[in-house]
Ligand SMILES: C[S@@+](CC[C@H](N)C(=O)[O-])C[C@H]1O[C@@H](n2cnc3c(N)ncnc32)[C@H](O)[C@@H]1O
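In the form predicted on its own, a lone chain appears below as structure tokens.
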């Protein structure tokens, strides 16, 4: 159980990460206004009461993050699990990349991808510069900067938001606890650089983990991060989540973090159908993604600015979509949802026959 000194260290760390994110965004926004004044989409004002609500919501997220570690849901070491020296070395690269991002944003260049990308290997919706980031998801350069960029975007709260899927995941897997001594298999869909897999490994150290992603570059980065853990290396598979190369009923749990808002609606539904297919009866699906209009209408200005500042072509549709309806249509029951800061978490079960 973490002690008071550890709690103070965690609070100090989160405050520092939040200040770092705020300072970076403030400076980059000012520079963007000077260098890119003409063609980029304009943001909408965020009222003071919305900012205060965001701050309170973030404080609640961090308090819950600490409480769940204190309760033993995951080890306190996860609260400090970040490659700080590596990120410090990469931080200058984030700044060096900014002019290209600003140029891409002002010129509305959203398909500025490496020349060696084979378009036929990917669905059309994937071949874009999501977030205006260099090379989209299709280069080692992009993969190397991604985690740091996300930490800056969320003021250091990315991992606490990811960890909100651990409680429904662990709870959902209790259905298998008394059935046999077999090793449970957990699949993380759109695993990216493997940050979610690291969180799951902390809560479920004995589980067999599988990560699936469409980007070979991001899977290479995931392999580098995950090989540093003193546990069995997860199986990493390159494939489209709309056609997963796993047998039906081969997983006891499936997680999916921050994918759905980057999919067209039809692809969203297909991915959820695939998640249902690969789950064993009794298995659990846990999703974590952006908040939506229905659950967080007070944050609508923030959602709108996210869409305007970053290239997120399917986000407007996503925030109005009925994710619970898609889950039920795919066959899931016991569907439930809860909101933490800027993250919505859903869970559902493939009911045993």
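Positions refer to the first chain, counted from 1. The shown structure was predicted, so the numbers you read here are calculated from the model rather than taken from an experiment.
Below, we turn to the form predicted together with the named molecule, even though it does not appear here.
Of the residues 125, 95, 225, 176, just one reaches the named molecule in the predicted bound form with a heavy atom at 4.5 Å or closer; this is 125.
241 is the sole member of 113, 170, 241, 236 with a non-hydrogen atom within 4.5 Å of the named molecule in the predicted bound form. Only one listed stretch (97-105, 81-89, 274-282, 190-198) carries heavy atoms within 4.5 Å of the named molecule in the predicted bound form, and that stretch is 190-198. Candidate site formed by 214, 259 and 262: every one of these residues places a non-hydrogen atom within 4.5 angstroms of the named molecule in the predicted bound form. Contact between residue 162 and the named molecule in the predicted bound form is found at the 4.5 Å heavy atom cutoff. The named molecule is not shown here, and in the predicted bound form it never comes within 4.5 Å of any heavy atom of residue 246. Taking non-hydrogen atoms only, residue 146 approaches the named molecule to within 4.5 angstroms in the predicted bound form.
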